[in-house]
Ligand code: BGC
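Below you'll find only one chain, the form predicted alone, shown as structure tokens.
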Amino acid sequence: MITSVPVAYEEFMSYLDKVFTINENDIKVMIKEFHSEMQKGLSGYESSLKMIPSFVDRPEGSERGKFIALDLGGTNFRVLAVELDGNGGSSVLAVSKFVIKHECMTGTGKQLFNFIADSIETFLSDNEIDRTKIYDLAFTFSFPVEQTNVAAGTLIQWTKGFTAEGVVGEDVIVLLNEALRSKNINCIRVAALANDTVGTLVAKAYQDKNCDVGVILGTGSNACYPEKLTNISKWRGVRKKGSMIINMEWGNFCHLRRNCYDIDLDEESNNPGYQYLEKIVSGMYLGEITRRIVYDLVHRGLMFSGPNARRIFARKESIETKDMSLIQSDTTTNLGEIEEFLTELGITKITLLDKKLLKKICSLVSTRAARVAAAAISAVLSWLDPELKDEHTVGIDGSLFEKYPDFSNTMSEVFKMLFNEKAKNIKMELAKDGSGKGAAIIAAVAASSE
């Protein structure tokens, strides 16, 4: 039983509470700044929110037919055939997964897109797809792209270990079409270039007409929503009426109160000065923030007195977000699951206070992430509907929302705090496979709007 704790410990925990707590006033200030950045981004002025037009609107729910979707966002590449029933239902008829070889990722663009075309050829053959018909296709290309049309977009820069030459600055749809022609694949018409966040919104909106916000809360974080064309001052298209989904790229939102751990993480990241919201909210970074706090406590002699602790927690990624989820899920009397995790890391001399403290740190970091995510969603909803008079479904994909303990409940608490009884008009629902089913629906919307 713990009878006493060092005064320094109590002082430090008070400090952590202070720098990681996001209160109601902080959230309201953030929402105000969010709206300002949204307006600037829509007007074409410099903004931490890019507010990128997607050139596609939400589906009607009546779209029907068979479509092909490509999903390129990492070392695995998927080709899917999806059927829409015209009544909000969709089903995957066939799917093939391919591992992209290192030489295709780091060689030439021609190698990479020939691999994509070869994979499509294999998919068509293996699944005996009828080649006498023409199939509209959407290409989910999860890299930074300056989209210029529903089916055109220039790669700004490679990420995720890709370095293929001759692609940056080029239209990826042109490269895809060239590869398809070189392989004599004539049953495919590339109808749309898709973003996975837009796909998330579209996939949920196909089922639920109240869905007007799509969010990713997983390894990364982003959001999109439908905006009236009259509000998009930078829009230079022919069509002036109606609405269009805006890819916000909200991970780059910069008006956030950061602490020393956030600043250090940012400075040592591969993109310092960018993606402030993502570095506070997303699964890619939460474990690393937690590790830095733990290392600080160990260094101060307030946690884990064993001989290996400092060396272990000095190592980046020694705590990952999935570990935080396990730690916060431990409800055993003596926190045995946490002790097992620490023992596997090589930590010795583990006290109950150490385990409770680790769980508390994980809670501080994840609670802040959930509250910031909820604040950002609240900013979008209050932009769309200032009085929150209507019902709104927020389609969310990602492991944080789906699996992290109490993450969604903490978000709901923020809505209740901000909107009181009107919070009942906000419904958060899991929206899976925006890069698959969502992309196919984008292809259907794009094809129907021509």
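Start at 1 with the first residue shown and count on from there. For clarity, every value in this text was computed on a predicted model and none was experimentally measured. Superpose the two forms; the largest set of C-alphas matching within 1.5 Å is the rigid core.
Form predicted in complex with the ligand: not shown, discussed below.
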Heavy atom to heavy atom, is N222 within 4.5 Å of the ligand in the predicted bound form?
yes
Would you please decide whether K160 lies within 4.5 angstroms of the ligand in the predicted bound form, comparing each non-hydrogen atom pair?
yes
Looking in the predicted bound form, any heavy atom of Q147 within 4.5 Å of the ligand?
no
Counting only non-hydrogen atoms and a 4.5 angstroms cut-off, does N195 reach the ligand in the predicted bound form?
yes
Of the options S363, S318, S142, S96, which one has a non-hydrogen atom that comes within 4.5 Å of the ligand in the predicted bound form?
S142
Given that the ligand is left out here, which of S90, S378, Q328, Q275 has a heavy atom within 4.5 Å of it in the predicted bound form?
Q275
Among the candidate stretches 349-357, 258-266, 214-222, 104-112, which one is within 4.5 Å of the ligand in the predicted bound form when only heavy atoms are counted?
214-222
Would L72 count as moving between this form and the one not shown, using a Cα shift of 2 angstroms or more after superposing the core as the test?
yes
F143: after superposing the rigid core, is there a C-alpha shift of 2 Å or more between this form and the one not shown?
yes
